[in-house]
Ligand code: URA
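In the block that follows, a single chain appears as structure tokens, in the form predicted alone.
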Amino acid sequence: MERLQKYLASCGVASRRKSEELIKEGAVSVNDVIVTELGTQVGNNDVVKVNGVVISREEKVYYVLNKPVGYITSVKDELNRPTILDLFEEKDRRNRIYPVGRLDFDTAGVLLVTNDGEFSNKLMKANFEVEKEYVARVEGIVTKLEILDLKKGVTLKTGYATKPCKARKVSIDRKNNSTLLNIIIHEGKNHQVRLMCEAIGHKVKKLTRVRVGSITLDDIPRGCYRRLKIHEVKELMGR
């Protein structure tokens, strides 16, 4: 027996939290009876439906995409802009995959994509603290004191105070008045790295996420993807 919301997540319906919302909304039935109690248990012989459609466990798939600039980190967009799913082959899209977290429209790099709600939910938890590494080209020459401020944590214009992080200067381009930074954070607030750089007085010109946990962009051309290996999934899950 298994809790209903966990079963929904394992079937790739949604994250566990979103599955709980679906249950509360009355969108889920077990053996043709609408269920709204989160503690409901289901077994192998139960017929579970979401909005009248029978669901079942599906193969869990995990990908790393080298996201290009100019793609929305979503499965659909109301403005008909290209989404990250447009970069996947039709046979892989059939697994009802979706992105884990997000990368801005104008940010490139490592993006994890899956149909495993439990995997996605765990990686997105604030206290899980998986490392996310970025390379940022910013306007102006960044000083040692500004790097120290980043390391200690800065207050964003949203009012959020960031946690301590790792930050260093990779190189300085005095001719074009810019600095290349390497920043490693554990958090995942919207536009966080861009806002962190703005907080020390430097606007981001170009931003790439080069690593999530142990997953990098090695041998993955921009706009391409590959399946994660079993040991990579286990490492990300902390097992």
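Remember, predicted model here, so these are calculated numbers, not experimental data. Throughout, we count residues from 1 along the sequence that is shown.
Below: the form predicted in complex with the ligand, not depicted.
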Residue 212 within 4.5 Å of the ligand in the predicted bound form, heavy atoms:
no
Does any part of residue 29 reach within 4.5 Å of the ligand in the predicted bound form? Heavy atoms only, please.
no
Would residue 107 count as touching the ligand in the predicted bound form under a 4.5 Å heavy atom rule?
yes
I'd like to check something about residue 193: if you look in the predicted bound form, is any of its heavy atoms closer than or equal to 4.5 Å to a heavy atom of the ligand?
yes
Out of 167, 142, 103, 130, which one falls within 4.5 Å of the ligand in the predicted bound form, going by heavy atoms?
103
Within 4.5 Å of the ligand in the predicted bound form, heavy atom basis, the matching stretch of 193 to 201, 170 to 178, 29 to 37, 43 to 51 is 193 to 201
Residues in 152 to 180 with any heavy atom within 4.5 Å of the ligand in the predicted bound form
none
